[in-house]
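One chain comes next, on its own, written out as structure tokens in the form predicted on its own.
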């Protein structure tokens, strides 16, 4: 069976923890899109980790971790990450890399930084990980696929051609140092040496795994609202963040995805620019940020303070709908235990009209939150193992959100650890 773990909102929902937890019963975990521009924070028996490329199931010795063809593969980052977890006592994971994955080159990161610099105050808040230039090249058909590393003549010719093409922009638009073809070829050869032991026709591998009835997890990066088609365009990422893309980014048939576990935070947070209707500011935001997550709400990749807001039912209902949600995992509920009352965004007011439907970006920019306040539970809920043991107001909060979004909340996370989870209703 294939299950997808994806985000409902802007990312940072806690997908890493949910994947890590579900991976205990999985055989294969696949990263199917995105690159090292966002991270998943995981806390388990080995310690606290921020993963950027590795799937969140690498901590189990029975799993195979796959970097799918849809991933923006930053080879040095992947290898540094593998080494960093081995150095901390994690057994060397079994990793396969799709021969159809494409590689983030050093010039992609340079172009990312140069463009943000050029845009100045109108920049996209990029992490400068090379993601937009990488995907631009992929769809312009001038990217480097892992399989091409094994044809040296092709690679030499292509390195020269790409250098010529990129140098026009470097010279005339950015006024930056030019790319030397021989240095680009040398970079590619270094990547070949690193990646060669792991390269595999992963789509074929997965075809046979499905025939054998293996349990497979797809792990998404970011969330619905960062999808280039269905998100808050143009403040989005450059690859599809939807479970449906999991079939493409992993190379499996779409009908194999039987469960879509969509992760929602019990409040909202976002890194980067873009519309965020339920956003809060000042001391109110600072306190939630300080208490949030484990050690506070700061980006796993960037360390940037996350923007904070109350739970947004409009955005989350939309996010769950686009993902094709079968189960909602509701995370960081324990964080809200300090509040006397908890605001929840139940609608958007746009030009004097209230809507519960998530609008396109230019209307979203004008939206004001319609808030309902629910009573808080004023106690620490960490350590509670069953839903019935949660305080009444806490259960009422979960049930109110569930009714508003229209999708079943089957998992409630009440702490950062792997075992801080309460199952509700049918087990995933």
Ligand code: GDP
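Numbering follows the first chain given and starts at 1. As the structure is a computational prediction, the values presented were derived from the model and not from experiment.
Separately, the form predicted together with the ligand exists; it is not shown, and the next lines address it.
- 331 is the sole member of 241, 316, 262, 331 with a non-hydrogen atom within 4.5 Å of the ligand in the predicted complex.
- Here is the short version: of 382, 62, 378, 366, the single residue with a heavy atom within 4.5 Å of the ligand in the predicted complex is 382.
- You can rule out all but one of 34-42, 356-364, 65-73, 395-403: in the predicted complex, only 34-42 has residues with a heavy atom within 4.5 Å of the ligand.
- Remark: residue 307 does not count among the residues lining the ligand in the predicted complex, judged by a heavy atom distance of 4.5 Å or less.
- A residue is said to contact a partner when one of its heavy atoms sits within 4.5 Å of a partner heavy atom; residue 12 meets this definition for the ligand in the predicted complex.
- Residue 335 belongs to the set of residues with a heavy atom inside 4.5 Å of the ligand in the predicted complex.
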